[in-house]
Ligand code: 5GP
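Heads up, the chain below is alone and in the form predicted alone; it's given as structure tokens.
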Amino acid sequence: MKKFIFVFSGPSGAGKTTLIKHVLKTFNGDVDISVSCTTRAARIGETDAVDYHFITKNKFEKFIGDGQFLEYTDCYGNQYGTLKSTVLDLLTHNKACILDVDYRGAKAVLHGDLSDADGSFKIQKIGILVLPPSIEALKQRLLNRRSETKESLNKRISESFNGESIAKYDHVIINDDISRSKKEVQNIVKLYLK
């Protein structure tokens, strides 16, 4: 049996969270999202084990040392990582798993090794890059959030299109129209899950 990992990445403000939520709703029961670990503090409204697994830096470092992460990265002074065990557990119970990771995480997952311990299923990894129609559109989306300082806005924009860490993606969605982008991502996932 074949199982699928849909690896979503793209700059903050590109709309990937909206597209992921659409996929989860559309393919309810067949697809689930892997909840990542982070060392940052929970923000208002975030719930442990739903939004992230909020863990200490010591525990994160232990997971790295034990080889438990499929991918991990430092981002804006905090650490983020995807546990292999979480992904394999989701794949055992669903046809597919979604990962929401940055470019470096996508590169590690798409080009790294992950196999089922008992060989009962094969894993196919599909990279989906979500981009805004332009840098100016990205800047406006981030400004509309009203959560960025001038410094963090400039840093996010400059890191958004850093080609040296971009993985090879199977699909690229230019999110210039959310309705069209939802149909596009739905068709991509349906192509694999049919």
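Residue numbers run from 1 along the displayed sequence. In this text the structure is predicted, and so the values were computed from the model without any measurement.
The same protein also exists as the form predicted in complex with the ligand; that form is not shown, yet it is the one meant from here on.
K.L.:
Verify the contact flag for F63: yes if a non-hydrogen atom of it lies within 4.5 Å of a non-hydrogen atom of the ligand in the predicted bound form, no if not.
P.N.:
Contact with the ligand, no.
K.L.:
Spell out, yes or no, whether the shortest heavy atom distance between R40 and the ligand in the predicted bound form is within 4.5 Å.
P.N.:
Answer yes; at least one heavy atom of R40 falls within 4.5 Å of the ligand in the predicted bound form.
K.L.:
Please tell me whether any heavy atom belonging to N94 falls inside 4.5 Å of a heavy atom of the ligand, as the geometry stands in the predicted bound form.
P.N.:
No.
K.L.:
Is T73 one of the residues lying within 4.5 Å of the ligand in the predicted bound form, judged by heavy atom distances?
P.N.:
Yes, T73 is a contact residue.
K.L.:
For the heavy atom contacts within 4.5 Å of the ligand in the predicted bound form, list the residues of 81-101 involved, in sequence order.
P.N.:
Heavy-atom contacts within 4.5 Å come from G81, T82, D100, V101.
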